[in-house]
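As structure tokens, one chain now follows by itself in the form predicted alone.
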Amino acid sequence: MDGEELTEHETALYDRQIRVWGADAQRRLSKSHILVSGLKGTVVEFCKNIVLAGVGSVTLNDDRLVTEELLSANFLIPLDENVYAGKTLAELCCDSLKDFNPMVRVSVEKGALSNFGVDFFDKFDVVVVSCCSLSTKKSVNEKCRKLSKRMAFYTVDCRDNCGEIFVDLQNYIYSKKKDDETFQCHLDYPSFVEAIAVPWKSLPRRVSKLYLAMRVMEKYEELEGRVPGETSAADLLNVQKLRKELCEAHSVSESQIPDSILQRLLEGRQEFPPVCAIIGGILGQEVIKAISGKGDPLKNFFFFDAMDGKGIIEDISEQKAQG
């Protein structure tokens, strides 16, 4: 992401932001390249935020066609059916995003995310994935980790009025300011596979119930061959059965994963715009921090539940569990 200085036009356009995080951080942003796959409401909020912040380029990947469900929280889709007839979700969002900031290059990459090889990801600095299977999350994260450069990887999943963000910044070094003095900090992140492999019994007793419930849902969708989010109340009995099996395997009580949360995750196919704005805003903030190398990054899960209005950060790793 190192390169030439900001142009005069960029300096004028991003003047207010430069006053907040500095010219060097803005330069890093303007030279960064971001891949975003899975364009539901939360991810669309994220895209809007980073395009307005002035990243170098955003590549969108989502070959789905528009459905009534997707219209509920995606403000980038035009209301005129004649406009989106025959166009993929990525193509429609691309057209709309360009209007937010002409300085940012927005493009579309067609194809299934799971089919892209390691070399494909080398042209990006940040990869954000959503609306994909458990196996795709794992494989894309591992491909990013095989690159010679450090890649920032994120997954985001919003269901009903709650959601989850996972972060993998690998071996991350960043600057922190305290008492007018700047010093460097270092964090080691586990991969997605390593993080979700941590035995539940070794997690903190008050670990977010959403963390455990999301793992049950991911596993259920994988076993059933379901597209993420394509579940309903009719699946509850089978999900409860899987919860019992997983809790027994991890030696934890089923009460850690209440039926009420499972029901919401099963039935919550549509996203709520206010929740999308919160989680998409947090994700945008984290990506900006990762690119600029300034500010304490999130490590490594974030959960938000509108039922109690709380945002929770959980550091879930083998090192943390042993400590």
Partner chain sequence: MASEQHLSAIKGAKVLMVGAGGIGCELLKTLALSGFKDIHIIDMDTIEVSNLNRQFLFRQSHVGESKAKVARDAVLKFRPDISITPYHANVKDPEFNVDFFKQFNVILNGLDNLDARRHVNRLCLAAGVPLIESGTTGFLGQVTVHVKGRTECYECQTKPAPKTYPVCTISSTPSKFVHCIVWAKDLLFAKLFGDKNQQNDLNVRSSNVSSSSQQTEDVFERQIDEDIEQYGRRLYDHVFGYNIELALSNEETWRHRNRPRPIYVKDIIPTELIHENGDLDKDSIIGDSSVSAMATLGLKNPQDLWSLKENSKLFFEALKLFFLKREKEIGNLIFDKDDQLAVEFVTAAANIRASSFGIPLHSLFEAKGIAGNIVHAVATTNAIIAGLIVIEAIKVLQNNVKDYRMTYCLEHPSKKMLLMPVEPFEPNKSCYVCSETPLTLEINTHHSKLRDLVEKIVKAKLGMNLPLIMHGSVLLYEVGDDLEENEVANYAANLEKVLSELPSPITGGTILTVEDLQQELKCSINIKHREQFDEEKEPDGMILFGWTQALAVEKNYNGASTSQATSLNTEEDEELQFIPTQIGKKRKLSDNFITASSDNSCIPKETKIKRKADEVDCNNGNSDYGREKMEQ
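These numbers were taken from a predicted model, which means no experiment stands behind them. Residue numbers count along the first chain shown, from 1.
Although not depicted, the form predicted together with its partner chain is the subject of the following passage.
Put simply, E45 is close to its partner chain in the predicted complex: some heavy atom of it is within 4.5 Å. Its partner chain is not drawn, but in the predicted complex it has no heavy atom within 4.5 Å of C132. Not displayed here, its partner chain is approached by L79 to within 4.5 Å at the level of heavy atoms in the predicted complex. Although the partner is absent here, S32 is not a contact residue: none of its heavy atoms lies within 4.5 angstroms of its partner chain in the predicted complex.
The candidate stretches are 134-142, 109-117, 93-101, 240-248, and the one lying within 4.5 Å of its partner chain in the predicted complex by heavy atoms is 93-101.
With the partner omitted here, the residue from S202, S175, N161, Q170 that has a non-hydrogen atom within 4.5 angstroms of its partner chain in the predicted complex is N161. Along 38-77, residues E45, K48, N49, L52, L71, S72, A73, N74, F75, I77 each place a heavy atom within 4.5 Å of its partner chain in the predicted complex.
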